[in-house]
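First comes one chain, alone, set out as structure tokens in the form predicted on its own.
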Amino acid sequence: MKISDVKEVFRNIYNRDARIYIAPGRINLIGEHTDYNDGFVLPAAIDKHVIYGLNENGSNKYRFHAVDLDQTFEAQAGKLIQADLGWPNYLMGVIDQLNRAGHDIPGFDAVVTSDIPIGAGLSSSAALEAGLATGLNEIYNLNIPKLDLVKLSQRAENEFVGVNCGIMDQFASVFGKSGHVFRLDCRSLDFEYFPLKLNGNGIVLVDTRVKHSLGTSEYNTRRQECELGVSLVAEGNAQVKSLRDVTRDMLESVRERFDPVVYKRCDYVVGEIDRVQKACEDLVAGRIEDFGEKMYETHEGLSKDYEVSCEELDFLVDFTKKDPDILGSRMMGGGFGGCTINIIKETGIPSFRENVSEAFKNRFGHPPLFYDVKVDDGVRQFYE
């Protein structure tokens, strides 16, 4: 749906004009499962968006219309309760957090649509939250700083929706910058932009269209394994608070005390935190080929040491190794399904899509989905 269509739908439903806000989804080029270990990630906003039409309505009611689902929901100020529909909870969660911060939000109308693929790990939920938070901040002149909008959007998902997500997704949706990735320090929330010069290459996501049920339970287990590793290293190193503080030498010095599986988990995270730093050096120097090699290293670690990949993801990454047009490939996100992210020479993208689609379908019975993405700016009001 185009922005002009959102305007038309809003006008048809509410009989007046809307202000338009667009909030991007995100990719993460490198730095996986480092966020909850106080490490670094390297995300970017992308040119897939949640689009909002917003405006005050002069009442105490919040009226939402989801174009893609053809569903409408209404809530009353001061009486926010979880909805069975699901999607309104992301919006009400934002209002709830604004209320908790001391801002009474008058009634407003909203029309929302999205071209961010659902379930592909591109953070459509964070875009929903960041887009509404930014829009309400501007419409009601709340003067909330961007970083606080990020934090309240995360809390909306944690506390109202009930999903224990990290802060990277909302951060990327708000602070994205066209042509750049940014390195986010998940401990301090300091960040730095780095130019993404692809030099005739493109970014293609390949969606397995599967999500294995192991995901949530194994995610929690990995967090526990990392915490156990930290406690073992910290016994002789008082400064160690998380795997961010651990070096490979420190791990090795207490290796005999580790369960072998826990050691592998921690060794992957420590290596990945370091790999993000080196990948940023590659970007500064314009070494996109070296950057791509580090993506392969990440996937190897995620698959063999952290063990959060799956057969479909491994198949896609292994398939790329036969193609000289592909500089780097890895699974992206929590794992056990979802997408791979690939850096591919633009001239080789059509043949890659054709070849991998056929091979994947022959192996798994259905073709994958493909998303060509470009790095984009963060959430913003759209002006004609």
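Just so you know, these numbers come straight off a predicted model, no measurement behind them. Numbers follow the displayed sequence, beginning with 1.
Not on display, but discussed next: the form predicted in complex with a small molecule.
Trainee: Of the residues 323, 35, 47, 56, which one places a heavy atom within 4.5 Å of the small molecule in the model of the complex?
Mentor: None of the others qualify; the residue that does is 35.
Trainee: Quick one: from 110, 233, 152, 168, grab the residue that has a heavy atom within 4.5 Å of the small molecule in the model of the complex.
Mentor: Answer to the contact question: 168.
Trainee: For residue 73, is any heavy atom within 4.5 Å of the small molecule in the model of the complex, or not?
Mentor: Residue 73: no contact with the small molecule in the model of the complex.
Trainee: Does any heavy atom of residue 333 come within 4.5 Å of a heavy atom of the small molecule in the model of the complex?
Mentor: Close contact exists here: in the model of the complex, residue 333 approaches the small molecule to within 4.5 Å, heavy atoms only.
Trainee: Given that the partner is absent here, does residue 219 sit within 4.5 Å of the small molecule in the model of the complex, heavy atoms only?
Mentor: Yes - in the model of the complex, heavy atoms of residue 219 and the small molecule come within 4.5 Å of each other.
Trainee: With a 4.5 Å heavy atom cut-off, would you call residue 337 a contact of the small molecule in the model of the complex?
Mentor: Output for residue 337 is no: heavy atoms all beyond 4.5 Å of the small molecule.
Trainee: Residues in which of 313 to 321, 56 to 64, 348 to 356, 27 to 35 have heavy atoms within 4.5 Å of the small molecule in the model of the complex?
Mentor: Result for this chain: 27 to 35.
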